[in-house]
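As structure tokens, one chain now follows by itself in the form predicted alone.
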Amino acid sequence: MGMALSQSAASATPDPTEQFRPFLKKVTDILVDPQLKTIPKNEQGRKIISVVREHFDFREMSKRVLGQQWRELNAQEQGEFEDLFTQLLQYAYIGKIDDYSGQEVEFTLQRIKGERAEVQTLLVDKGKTIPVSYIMLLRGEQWMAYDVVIEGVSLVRNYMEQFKEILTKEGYTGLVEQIKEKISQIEKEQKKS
């Protein structure tokens, strides 16, 4: 009897909201920490990304934004693209750190279908609410987000459309060069501020 119980408990799907709630709390605690503002922007980004990696699957994100092109890359190229794309996201959203001032996150709904889940939240800011959904895959016992949908706009789809256009015109090498240029441009702007 005990054996059957432990097997069914082990096969139960973990609750995505319950896994994500403490993670988001950890991220928001870092964002409101006054010490964060005392370190350079690039270090702020590294600090946040290291925590975000706990529940975000940047490999899956990279795979989805590249679509068909991903399958044409070898393992080393896939790893390099994942690093570049993660760095681009880090820099693209680091500027938004200053916009965060303790807005509340309300968990509203979750959907689970097999090894996929969506956790819907509302970011409450001075009476205004912004719907934010996290799209996840189950990796072992861990739900890992691979897309964020803010007010109906998918981060992955947004980058996928931009990258598809560049891939069509300039190929994979052109895309990589543009991402590197963008990262370099952002780094220069950060050094000025």
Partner chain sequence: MNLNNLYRLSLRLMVALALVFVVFANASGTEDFLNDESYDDKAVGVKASDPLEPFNRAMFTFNDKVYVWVLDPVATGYSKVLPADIRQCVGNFFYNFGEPIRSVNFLLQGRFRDSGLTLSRFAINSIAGVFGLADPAADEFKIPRKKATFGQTLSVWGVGDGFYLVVPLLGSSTLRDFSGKMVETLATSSYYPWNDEAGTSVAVFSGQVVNDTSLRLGVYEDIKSMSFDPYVAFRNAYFQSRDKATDNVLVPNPNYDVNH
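For clarity, every value in this text was computed on a predicted model and none was experimentally measured. Residue numbers count along the first chain shown, from 1.
Note that the form predicted in complex with the partner chain isn't included here; everything after this is about it.
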Practice task
Report yes if all three of Thr17, Arg21 and Phe107 come within 4.5 Å of the partner chain in the predicted bound form by some heavy atom, otherwise no.
Solution key: yes
Completion exercise
Checked Thr28, Gln142, Asn158, Asn42 for heavy atoms within 4.5 Å of the partner chain in the predicted bound form; positive is Asn158
Completion exercise
Note: exactly one of Ile48, Ile166, Leu138, Leu36 sits with a heavy atom within 4.5 Å of the partner chain in the predicted bound form, namely Ile166
Exercise for the section: Report whether the minimum heavy atom distance between Leu73 and the partner chain in the predicted bound form is within 4.5 Å. Expected result: no
Problem - Gln120 within 4.5 Å of the partner chain in the predicted bound form, heavy atoms - result: yes
Exercise for the section: Using a 4.5 Å heavy atom cut-off, state whether Val149 contacts the partner chain in the predicted bound form. Expected result: yes
Handout entry: in the predicted bound form, Arg64 touching the partner chain (heavy atom, 4.5 Å)
Key = yes
